[in-house]
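Only one chain is given next, in structure tokens, and it is the form predicted on its own.
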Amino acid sequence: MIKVHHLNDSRSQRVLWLLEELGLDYEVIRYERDASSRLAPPELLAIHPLGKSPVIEDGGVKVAETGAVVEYLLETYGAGRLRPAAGTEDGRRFTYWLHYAEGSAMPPLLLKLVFAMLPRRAPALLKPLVNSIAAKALKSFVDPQLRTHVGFWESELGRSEWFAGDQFTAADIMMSFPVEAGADRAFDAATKPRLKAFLDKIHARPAYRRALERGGAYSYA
């Protein structure tokens, strides 16, 4: 049986969702973030040198990184499901979004989170300085980048119902976390009707709901 090393409130929720969409049996091994630092627990270092989640174990195979896990599961168990045919336009879009989700979309979202947290964690005497630096970084770099990305997502969903065409694919599973995190910290979903519709559709999927039951509390749902 596939084992999923799952960190609460993390990108590994997408792996549980994909497993549910594929109808595969799996075991969830839970790890909880530190309540104050929000960092992963040191126990994950015993699973992978970087101490990150998700990591899956499938017999003697161990795979880390969400995109790599998604590709492994599709290649091993997908039987052509949840991905367009290779060599097609939708197939190329699928590959793009599969990698874009982590490679381009997440860095500015992570910076938004970090700069928002810094003032709260700074020593009292340094708070005014840290707050000023964080505000300038957000205004001059992070927020403009996020507006560009969010506008891109909204525009692309005007081309087709889903990110890689008119059929739901694993690219939409990969993009779920950036869009969910973006709605939490970067844009008002009410002002982005296509992204709101995307979120409504994925949150209504039975497999998504089952994955929440298996994975536990997830702030972005």
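All residue numbers refer to positions in the sequence shown, first residue = 1. Quick caveat, the model's predicted, so the values are computed rather than measured.
If you look for the form predicted in complex with a small molecule, you will not find it shown, but the lines that follow are about it.
Engineer: Partner absent here, but in the predicted bound form, which of 151-159, 164-172, 24-32, 53-61 has residues with a heavy atom within 4.5 Å of the small molecule?
Structural biologist: Selected stretch: 53-61.
Engineer: In the predicted bound form, does each of Leu7, Ser10 and Arg14 have a heavy atom within 4.5 Å of the small molecule?
Structural biologist: The answer is yes; Leu7, Ser10 and Arg14 each reach the small molecule.
Engineer: Considering non-hydrogen atoms and a 4.5 Å limit, does the small molecule approach Asp184 in the predicted bound form?
Structural biologist: Residue-level check for Asp184: no, no contact with the small molecule.
Engineer: Would Glu102 show up as a contact with the small molecule in the predicted bound form if we use heavy atoms at 4.5 Å?
Structural biologist: Glu102 belongs to the contact set for the small molecule.
Engineer: Classify Ala190 as contacting or not contacting the small molecule in the predicted bound form by the rule of any non-hydrogen atom within 4.5 angstroms, answering yes or no.
Structural biologist: Ala190 lies outside the contact set for the small molecule.
Engineer: Is Ser176 a contact residue for the small molecule in the predicted bound form, using a 4.5 Å heavy atom cut-off?
Structural biologist: Ser176: no contact with the small molecule in the predicted bound form.
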